[in-house]
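In structure tokens, the next block holds one chain alone, the form predicted on its own.
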Amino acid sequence: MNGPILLGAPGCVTPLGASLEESFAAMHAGHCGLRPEPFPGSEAPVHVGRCDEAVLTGGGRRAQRLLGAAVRQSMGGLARSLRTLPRTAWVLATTKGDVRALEEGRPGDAELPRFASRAGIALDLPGAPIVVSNACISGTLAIQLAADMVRYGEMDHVLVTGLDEATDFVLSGFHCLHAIASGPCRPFDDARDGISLGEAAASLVVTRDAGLFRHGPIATYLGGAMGNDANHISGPSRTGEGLVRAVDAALQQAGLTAAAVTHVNAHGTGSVYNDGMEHIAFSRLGLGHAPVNSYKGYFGHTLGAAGLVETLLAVHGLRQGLMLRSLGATCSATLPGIDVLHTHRPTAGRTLLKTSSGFGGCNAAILLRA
């Protein structure tokens, strides 16, 4: 099958809503899904984004129910069942999967392949799962992987899913790194002081078959790449080298220059070093003209799900001619040369650069046309 690589049938559950539309509407209204919670070892409450338990219907463990809430939305957006289509695969992007099983003393059940296999059976998904677990770039990398599988003829259709929960295990890890913000995180703000954690699930389908989507495709995939700077186990490169390489390679695959990018949805964790690294990388790449935002101030860092959730929200915004402000950013004077969105802004642009960065120096970038 020839033609462009298309994305469609979005499904999404976040701390701000049970669907992509609900989540975006809450963000547009300026709502924040981060709530203070006491946490052992922390003198002050920790702000966390949690999904509404009422939307996690069905049986099985919580992680599986959260994933299922997003996947069922995608399945409802298809004109035909993926089960009836040959050469179909599904990908799970996650950093921790059902890590609650580890907290409960059942480490075997926390193994990602086992969790993915059980979830696939419960949700009646096609074929054996492909697990992408590459720190916080997992969601963005999973979209790139799916697009490459379609591009090179390995598969005709790929369901891409992403999931992570805000568990005690995850919170304690970032707390030990002294990386948690003192309040709701403030990506790209001069006074940013750390991250906030959240949870989410999302899904979409990648294919060349526009007729597969009940309501049509939402975006065209233009190109993508990853880069690794191997700078530090948790600290980003001081020069942004890995991200620069990833974006350069993505632009090359898409046949575009930086000037063609009309919006950048960045990783933007709210930590001093991550946001500073992205500022350096975007400046080096000549992206000063493209408005930049991060969504983590709305519902936190959703780890392996982040790239997928944030891609869907950014595309949804561009389809409405709107770029949302980077919630929590009121002054970005220490990040000169990039256009951080402090207010919502209308746009006629449709070319999105989505970037993600993670521990170990991994970086991913994809380019989409909404």
Partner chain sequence: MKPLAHSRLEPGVFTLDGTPIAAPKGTPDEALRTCYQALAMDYPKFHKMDPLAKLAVLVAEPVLRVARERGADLAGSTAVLALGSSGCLASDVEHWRVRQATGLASPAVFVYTLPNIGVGELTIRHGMHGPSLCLMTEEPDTAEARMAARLLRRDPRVRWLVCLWTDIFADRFEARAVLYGPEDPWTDPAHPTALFPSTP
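Since the structure is predicted, the reported quantities are computational estimates derived from the model, not experimental observations. Numbering follows the first chain given and starts at 1.
Another form exists, predicted in complex with the partner chain; not displayed. Remarks below refer to it.
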Inset, instruction - Could you tell me which one of L212, L123, A258, V131 places a heavy atom within 4.5 Å of the partner chain in the model of the complex? - result: V131
Legend entry - Among the candidates P113, G288, G216, G76, the residue which, in the model of the complex, approaches the partner chain to within 4.5 Å (heavy atoms): P113
Legend entry - Stretch in contact in the model of the complex with the partner chain, which is absent here, among 76-84, 258-266, 101-109, 276-284 (heavy atoms within 4.5 Å): 101-109
Legend entry - 4.5 Å heavy atom contact, D193 and the partner chain in the model of the complex: no
Inset, instruction - May I ask you to state whether R245 is within 4.5 Å of the partner chain in the model of the complex, using heavy atom distances? - result: yes
Inset, instruction - Flag K96 as yes or no: does it have a non-hydrogen atom within 4.5 angstroms of any non-hydrogen atom of the partner chain in the model of the complex? - result: yes
Inset, instruction - Evaluate R238 for contact with the partner chain in the model of the complex, applying a 4.5 angstroms cut-off between non-hydrogen atoms, and reply yes or no. - result: no
Inset, instruction - Any residue of 25-42 with a heavy atom within 4.5 Å of the partner chain in the model of the complex counts; write them all down in order. - result: F39, P40, G41
